[in-house]
Structure formats: structure tokens, C-alpha cells
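Next comes just one chain, in C-alpha cells: the form predicted alone.
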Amino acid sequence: MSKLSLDRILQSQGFGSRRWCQELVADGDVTVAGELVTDYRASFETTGLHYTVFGDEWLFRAHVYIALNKPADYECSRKPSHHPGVLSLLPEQFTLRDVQPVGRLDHDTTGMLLMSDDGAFIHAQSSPKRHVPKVYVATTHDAVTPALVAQLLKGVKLHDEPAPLSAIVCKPLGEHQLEIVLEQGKYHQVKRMLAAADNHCSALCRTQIGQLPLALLNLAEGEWCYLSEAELALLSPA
């Protein structure tokens, strides 16, 4: 349990500078537990604290853990160059509290993207030492054949990798679609592996991280949600 003044609470949640948050309170734009508060020096226990800013309801969170169903043509960058950034799909204050993507998906890749402002969580989820499986559905230009599946399971050599890279699981889902499970998380790995196997990836969607499937979250493209403790636990390897 921790107790903070209201201006510090709002600042920690990404609503602006401390001075700006003081003005929000003084202007009558903030309620706590359903009661209008105009004294920014008023202090509150942060655990389970419900408040509103401009009428929008919020729950105090020391850190945020988010899953986004990423649409195509969004960049996983805080400073996008050619397409909108994924942060533009989230509330503005998440940018101010330094929420960032956990790893990256290409601008044309869709599906499950984790985001957080917890540096330890981001590092742990990004570390190849954890061997967290990630499940992708790839649409291929040429037909999926038993030979292609066998080659991806056996391993293909990429020009900048010292050893062949292989899929943990690879199975056809249709004539031009396959499911592929990887642990390594190398740059453009699915696309490069398919190219090395003499095929081409025309569309790619990440459908699961660890034991947490995107379908469980019931998110349309562009939608996001906070992850519960139970959902966070599913992000670990089996």
C-alpha cells in the first residue's frame, strides 16, 4: 500500500506534468471514488484507487500490461517514419508514461503485440533465453507442400545466422497457409525462413505468445486490453 498526493498520482498515470495535474484538480476535472476533489495536495491510497479525469473512469496501475491486436500498416516504434505508430491506437497518457512495444512486428504484420511501461517485464519478455514460443499464421505465395513443412522443421540457413533456424511446430492450415511456431525471434524470421525455403510470405499474423492465444482476448483489429494476472502467467513457456 502506498499513499500519494493527487497531483503525483495523476502525473504517475501519464496525465501530464505535475503542474498540469495540479491545474486539472483545481479546475474540478478530477473525481476520486465518485467524489469531486479540488485540492491537489489531498492524498490517497493508490491500491485499487478509482478516479475520473474529464469524466473518463480509470483505475490506478503502478504499471500497465497491454495486449494489442495490431492492424497492418502501423509501426512498432515510438518515432514512426512511414506509417502511424502503434501508440496512436492507445490513450494519449500511455505515451507520457513511457509505454512501449515488447519487441516488434513489421508494419504489414498483424496480430498480438504486448506493450508495457515495466522495463523488467519488457526485458524478460524480449529475452531469447526464456524460449517463449510465438505462434504465427503465414499466408504463402506458392502452395504449402509437405516438402516445405519438412524443410522448415528441419531448418533453413539464413545468410547472417551461424546455424540453420528451424520451426518448433509447422503444419499446413490450407493450400496457401501454414501455422509456424518459433522461439528465436530473429529479425523478419518467418518471412526470411519462407524465402530461404523458396516460397514467399504474402501475409503474416501472430496469433499466440507463450500459452496466451489472441483469440482468448476477443480483440478486433486495432483494439487493446489490459492483461490480468492470469493472462500474464500464460505468457510464460509451458
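Residues carry their position along the shown sequence, with the first being 1. On a predicted model such as this, the values are computed, not experimentally measured, just so you know.
Although not depicted, the form predicted in complex with a small molecule is the subject of the following passage.
Discussion item. Heavy atoms within 4.5 Å of the small molecule in the model of the complex: which stretch in 37-45, 53-61, 187-195, 167-175 meets that?
Written reply: Every other range fails; the passing one is 187-195.
Item to complete: Counting non-hydrogen atoms within 4.5 angstroms of the small molecule in the model of the complex, say which of Leu204, Ala67, Leu212, Ile180 makes the cut.
Response: Checked against the cut-off, the match is Leu204.
Worksheet entry | Contact assignment for the small molecule in the model of the complex, among Asp142, Asp106, Asp118, Glu161, heavy atom within 4.5 Å | None of the other options qualify; the answer is Asp106.
Worksheet item: Looking in the model of the complex, any heavy atom of Tyr136 within 4.5 Å of the small molecule?
Response: Because a heavy atom of Tyr136 falls inside 4.5 Å of the small molecule in the model of the complex, the answer is yes.
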